[in-house]
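Form predicted alone, single chain, as structure tokens, below.
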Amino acid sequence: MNVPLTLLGLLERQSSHGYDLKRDYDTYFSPTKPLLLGQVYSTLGRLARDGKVVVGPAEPGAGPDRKRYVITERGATEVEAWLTEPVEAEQHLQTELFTKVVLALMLGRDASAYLDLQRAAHVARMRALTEIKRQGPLVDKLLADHSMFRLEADLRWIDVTQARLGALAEEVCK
């Protein structure tokens, strides 16, 4: 997730205070892993330093005065460029899951049992995501779909790998 560009995109929609940006970011893009407020303000500081946002005058509020952040033309240009670039496919040619399977084989441990444990963990996570899809708002449902599709791909990989463990062991335990 590109936090600076996401915050810029939110600012292009409307100028905002740091707390409001955090709330919107957490609500729409990362409901299970909220941004720290300090990260929001340090990111806004860097964006201001780089001329992508300007800080408006302080506005009185219930607590300390609040600053409203406004995107600049430079910031809007960067958001436009980012939104028109396709997301690069992740280069998962080496993952922790794969590494654990190979190391288990190399060390004479039960890689099949590890794959069974991983499968059970994925299935449990998919059940939790299914609950989110039943009850959550559309944003959460779409995020849950994305996660479930990745888990389904992992489960297919686990099945294929489990079927090939003998051949893999021969290759990596020479």
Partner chain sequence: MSGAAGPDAAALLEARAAVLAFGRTPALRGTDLRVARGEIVAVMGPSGSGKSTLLHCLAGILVPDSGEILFDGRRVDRMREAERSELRRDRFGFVFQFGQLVPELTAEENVAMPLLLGGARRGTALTEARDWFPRLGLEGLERRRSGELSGGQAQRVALARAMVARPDVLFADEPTGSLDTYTGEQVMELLVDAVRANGTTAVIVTHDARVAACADREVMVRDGKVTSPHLERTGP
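Since this is a predicted model, take the numbers as computed values, not measurements. Positions refer to the first chain, counted from 1. Note that the rigid core is defined as the largest set of C-alphas that superpose within 1.5 Å between two forms.
Although not depicted, the form predicted in complex with its partner chain is the subject of the following passage.
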Option from 34-42, 112-120, 47-55, 66-74 whose residues, in the predicted complex, bring a heavy atom within 4.5 Å of its partner chain: 112-120
Closest heavy atom of residue 124 to its partner chain in the predicted complex, within 4.5 Å or not? yes
Would you please decide whether residue 15 lies within 4.5 angstroms of its partner chain in the predicted complex, comparing each non-hydrogen atom pair? no
Please tell me whether any heavy atom belonging to residue 152 falls inside 4.5 Å of a heavy atom of its partner chain, as the geometry stands in the predicted complex. yes
Would residue 145 show up as a contact with its partner chain in the predicted complex if we use heavy atoms at 4.5 Å? yes
Core-aligned CA displacement of residue 16 at least 2 Å between the shown form and the other one: no
